Every structure is written in C-alpha cells, then in structure tokens.
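Below sits a lone chain in structure tokens, taken as the form predicted on its own.
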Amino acid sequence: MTLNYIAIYFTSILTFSIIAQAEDWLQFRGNHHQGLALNSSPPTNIDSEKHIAWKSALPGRGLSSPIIIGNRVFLTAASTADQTRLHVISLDSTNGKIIWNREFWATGRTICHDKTCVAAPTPVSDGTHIYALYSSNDLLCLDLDGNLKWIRGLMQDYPNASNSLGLASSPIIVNETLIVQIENDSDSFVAGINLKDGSNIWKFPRTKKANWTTPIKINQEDIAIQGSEGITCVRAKTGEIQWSYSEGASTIPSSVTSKNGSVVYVPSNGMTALKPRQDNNTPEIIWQEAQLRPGTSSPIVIGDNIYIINRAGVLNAANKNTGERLWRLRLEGPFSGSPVASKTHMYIASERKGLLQSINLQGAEGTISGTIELGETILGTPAIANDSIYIRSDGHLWKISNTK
C-alpha cells in the first residue's frame, strides 16, 4: 500500500467519521419537531464578543428557520417589492459564504401582513433534497447542489387556498411523505405529497379558518394536524385518521410531543396533555391547565418539564406529567419565534432588537445565563446543529458558537 493511498484511505475514514457524527437539523424545530438538539453543546454563557462566529447578508425577507445538513445551511427568502422573487439559499456553515442562491418567480398570491412575508414556512429535507414551501403556495424540490427536481404551484390547482395575512405552516417529512398543511378562510386542506414528483398521494379538506400551526411527528407513522377545532392524528403514508381531539386549539403556537411521542401537549384550554389510546378514537386527557396558556411561541418539553412562554414574555416551567407549575422567569420579549434547546439550556430571540437569550435549566429555577443583542428584528425560530446556533433576520444569518 503506497503512502498516497494510505493518506487517501485515512482521509476518507476521517471525513466519513465527521459526517457520521454530525447532527443535522432537517426541518422546523428539529428532526422530531420537538425543538431539541440533545447531542449538541452550543455555547451557554453567550456573549457577542466571544460567540458570534460569522454574520452573512441575505437577499430579501424571510421568517423561515435555517436547516442544516453536514456543513451546509439552507434557508429561504423572498425579494422584490411585491415579494414575487423566491429564493432558496445554501451557505457554508464554516464561514457563512453563500454557495448558491436559486431564484424562482412566484406563481400564486404574495399578499401578506406587513409583519410576515412570503418566505415564512421553514424548508424541510430528507438528507438528499430540499423541499421549500412559500406563502404563495409554490412548492419546490431541489437537490443539495441547487438543481431543480420539480416545482408545483399549489395555487394553480387550488386558487382559493390563500388569505390576505399570509401562510406560515411549514412542511414536514414523515415516513417518506411530504406533509403540507394549507389552512385559511377559504379553501383549506392537508395533503400527503410524493417526494419524487410533487403529486398528491392523499388530500382531505380542513376547517375554513386561518391557521399558522405546523404539523408534528408523533411516531414513525403518524402525524398530528392542529387547527381551530382541535387536533387530528393522521397516518402519514395514507392520510387515514387515527384519532381526534375536538375541544379546540390555538392557531399560532404548535403542539409538541414527549421524547417518545407517547403524550401530545396541545395549546388548548391553556395547555392540554393528551395520551392516545390504542382501542379508542378519543385520546385520554391527562391534564389541562389554564394558567399555562402560551403566547405566540410553541411549547417545548425537556426532561421532566414542559416550558411555555406566555403573552407577557414570562417563561413558565411545569411538570409534564401533572401540569403543576414549578417556577416562572421573566424574559425580555416580545417573542414571535419559538424556543429551541440543548440538554441543559434553552435559546430564544426577542422580536425587538433581536436579543438572543440563553436560559440555564439546570438549577432549581431557570436563570438567564447570557445574551447577545443582534440589533435587528428577529421573528423566526433558531436552529441548533454541530454545537452551534443559527438564527436569521430579514437581512442576515448569524452563527453563534464557541469560536475558538
């Protein structure tokens, strides 16, 4: 075996090892829609002098979260005055440089409330392709090098599937099926989309009312669809309904599951913990707590606790098994995005001034362990991968990490 061959052999092994150990962040609030990156160790006592690895300028507007695959970061944006130019962008996670920026013309309506924008839904990946949905109901599939595989204008098929405020529900992938939830005051539906060509596998109508929540994965086969009337468990591959809860639910913060998916925590009547039953179409209500009503941010479950940020910007910690409130901590809000977390710390950015806050969850009560003022309006949710936090505004994407 020559020295060159040996060098190539060990370099290949090292590269494979790095890829194999990487923790990707493939969709809104992480791979399991729980907002958790338990194998990452991002900085905890965050500080603007020590932990801003880079800041990269972005075209147009965007509320979508970044997703991370290996050493690539992907996110969407919309440019021009009427937001008719749609972007999918790939950046190098090591230095923030744009690798490619693909642009497309919107085929549907781009009317939105001034606070939101057309690039509000977070893209999703199966590890080999990027699937991006926009408020214009344009749905794109690209490979990781930016080559377009297919494009579908959902509004061409369903002309009334929009509203004047804009859509924000993010697509998800469960059991090799792309789930798209389009709910508004007119034509509302949820559909299972074929990953290979963008065609419908199944589709059924939903309540005609504006809704900005994102579906969540319950287990390897099932998803939960949340709306104003409640929550419905659906088999991802077939669209077959498994069970329903019909006591109403929020149309902004989304539900979350426990680590193993055995309990679903729904923003309903404050907060409601549901346990699906194998022999019944109605889940068991474990507890309901009116004082745990969330604001805009979705709840997050970490260890034995569930954490909810209310409209006043107060973080409430409660026992996930009983709903008993344990402690409260006032954060500097207001908040439009949702929290994400490692094993020990939670991260969320305020809407004004873009104040990224790190909350230490290890003590008897939570404490703010560090802040970074990014100086721009932050409306989206951060992402965590490979010991780093990624967060975007309309104008920039930041990487927060232990820069040494």
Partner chain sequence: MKRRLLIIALSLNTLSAIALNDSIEKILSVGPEGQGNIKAAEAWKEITSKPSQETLMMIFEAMNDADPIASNWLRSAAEVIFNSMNHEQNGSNNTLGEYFLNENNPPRARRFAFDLIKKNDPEAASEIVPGLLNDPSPELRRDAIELLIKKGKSLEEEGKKNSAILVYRQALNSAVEANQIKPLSESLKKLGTNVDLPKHFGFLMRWQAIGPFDNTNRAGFDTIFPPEKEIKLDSQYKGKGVTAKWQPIESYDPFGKIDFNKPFGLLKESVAYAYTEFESNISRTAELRLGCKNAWKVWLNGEFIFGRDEYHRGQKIDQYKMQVDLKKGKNTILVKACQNEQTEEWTVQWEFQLRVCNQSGVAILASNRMPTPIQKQTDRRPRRPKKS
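Keep in mind that what you see is a predicted model, and the values were worked out from it rather than measured. Residue numbers count along the first chain shown, from 1.
Unshown form predicted together with the partner chain; subsequent notes refer to it.
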Heavy atom within 4.5 Å of the partner chain in the model of the complex: which of Ala106, Ile130, Ile306, Ile218? Ala106
Option touching the partner chain, based on a heavy atom within 4.5 Å in the model of the complex, out of Ser244, Thr207, Ser258, Asn101: Asn101
Quick one: find which of 321-329, 148-156, 292-300, 89-97 has residues within 4.5 Å of the partner chain in the model of the complex by heavy atom distance. 148-156
Taking the partner chain as it sits in the model of the complex, is Asp114 in contact with it (heavy atom to heavy atom, 4.5 Å or less)? yes
Even though the partner isn't displayed, in the model of the complex is Thr80 close enough to the partner chain, meaning a heavy atom within 4.5 Å? yes
May I ask you to state whether Asn163 is within 4.5 Å of the partner chain in the model of the complex, using heavy atom distances? yes
Contact with the partner chain in the model of the complex for Phe74, defined as at least one heavy atom pair within 4.5 Å: yes or no? no
Even though the partner chain is not shown here, does it sit in the model of the complex so that Arg85, Asp185 and Ser199 each have a heavy atom within 4.5 Å? yes
